[in-house]
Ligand code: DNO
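One chain comes next, on its own, written as structure tokens: the form predicted on its own.
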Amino acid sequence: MKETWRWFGPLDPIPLDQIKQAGATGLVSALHHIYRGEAWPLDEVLKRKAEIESAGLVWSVVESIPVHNSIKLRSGPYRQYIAAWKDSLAAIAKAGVPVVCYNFMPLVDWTRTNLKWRLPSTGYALRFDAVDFAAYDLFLLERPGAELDYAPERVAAARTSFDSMSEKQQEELERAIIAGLPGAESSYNRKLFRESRAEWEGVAPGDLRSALFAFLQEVVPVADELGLRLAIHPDDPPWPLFGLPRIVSTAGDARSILAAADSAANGLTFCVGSYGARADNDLLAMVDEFAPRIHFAHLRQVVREADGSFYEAEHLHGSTDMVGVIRALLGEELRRRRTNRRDHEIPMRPDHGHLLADDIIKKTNPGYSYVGRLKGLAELRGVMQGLSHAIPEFAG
């Protein structure tokens, strides 16, 4: 697999030379300064490409072109935003970037409740605490009707948790949930979030799924004609939040998405941590079934807890058989080489590292510190090298 690294552009605290030192050869990036749904100008895309290539790296994946909420709601100027998305695809194709990762999460992007959760190792991890999330939704945001979305015992636990929080802890919880994590498409304050949530009132899973399928039927033929591969990222976490549906969470969801626009250009980002946060997702079976349409891999781990909480784990040790996933992906690469697929090499990146060593006192993007991802990439590289040694055909 092609070893890549996410870079948030010139303002990223981690410079390109350090990424090169990590051994990655590909970059995963986006135009984060043009991130509200407007079309990406070709000159800006080419500028980003030149920045990356000046460091001796290759722009392998765009992550992400934002999908404006009006597209998901099929309301307002959504046709304007779909046209802008297609224009961005054209600019990306002209720049020679082959893969576009995107998501279709409603209102909020990837979500955590604690951005600095202390580990026994004395490092720190990102964490989603299901009880604390309910506490925020019920008692700080005070979303109308929220109590109907939680079991009575969850409401009671959330009340106990909320009552134990200081004002500072409540502020930190809110900031983690709605202020916007790295790469997210939107950030909110509480007033704006309440107003934005009201726009989604009454949206059911079928409505959001229909909007996604309609979007795919418009953009996939464009991507196909341009020689691009689209790779939808799963919901993170992969279940409803704030009473809103999430429809990219299970094997059944992935199956229906691929069938909605049956083209090689319509594929998946296989995020091990996102799909792995659900115990009912069999990740090895999912890789086997969807392998030909996996265009990008996020290799990260979580440890699931009984109440629905999870935290970011060591890359090789968590609730998913990471070695088995890598073996399956290497097997898919072998099959692609044997059929002369030009996209035989699947880009991967070590997603979400722990906060370790002197990164703890540095300015970092949550989940995207240097040392934790460096450690993860080294571990994942070791697995790939070991499997290629044991099964020489994997080495190509």
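Numbering starts at 1 and follows the sequence shown. Just so we're clear, the structure is a prediction, and the values are computed from it rather than from any experiment.
Omitted from view is the form predicted in complex with this ligand, to which the following refers.
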Work out which of the listed stretches, 344-352, 324-332, 40-48, 53-61, brings a heavy atom within 4.5 angstroms of this ligand in the predicted complex. 344-352
Each of 102, 110 and 233 within 4.5 Å of this ligand in the predicted complex, by any heavy atom, yes or no? yes
Although this ligand is absent from this view, report whether residue 370 comes within 4.5 Å of it in the predicted complex, heavy atoms only. no
With a 4.5 Å heavy atom cut-off, would you call residue 182 a contact of this ligand in the predicted complex? yes
Would you check, heavy atoms only and a 4.5 Å threshold, whether residue 197 touches this ligand in the predicted complex? no
So in the predicted complex, is this ligand close enough to residue 278 to count as touching (4.5 Å, heavy atoms)? no
Partner-free chain; cross-checking this ligand in the predicted complex, the single residue of 246, 293, 298, 72 with a heavy atom within 4.5 Å is 298
What residues, if any, in 1-21 have a non-hydrogen atom within 4.5 angstroms of this ligand in the predicted complex? 6
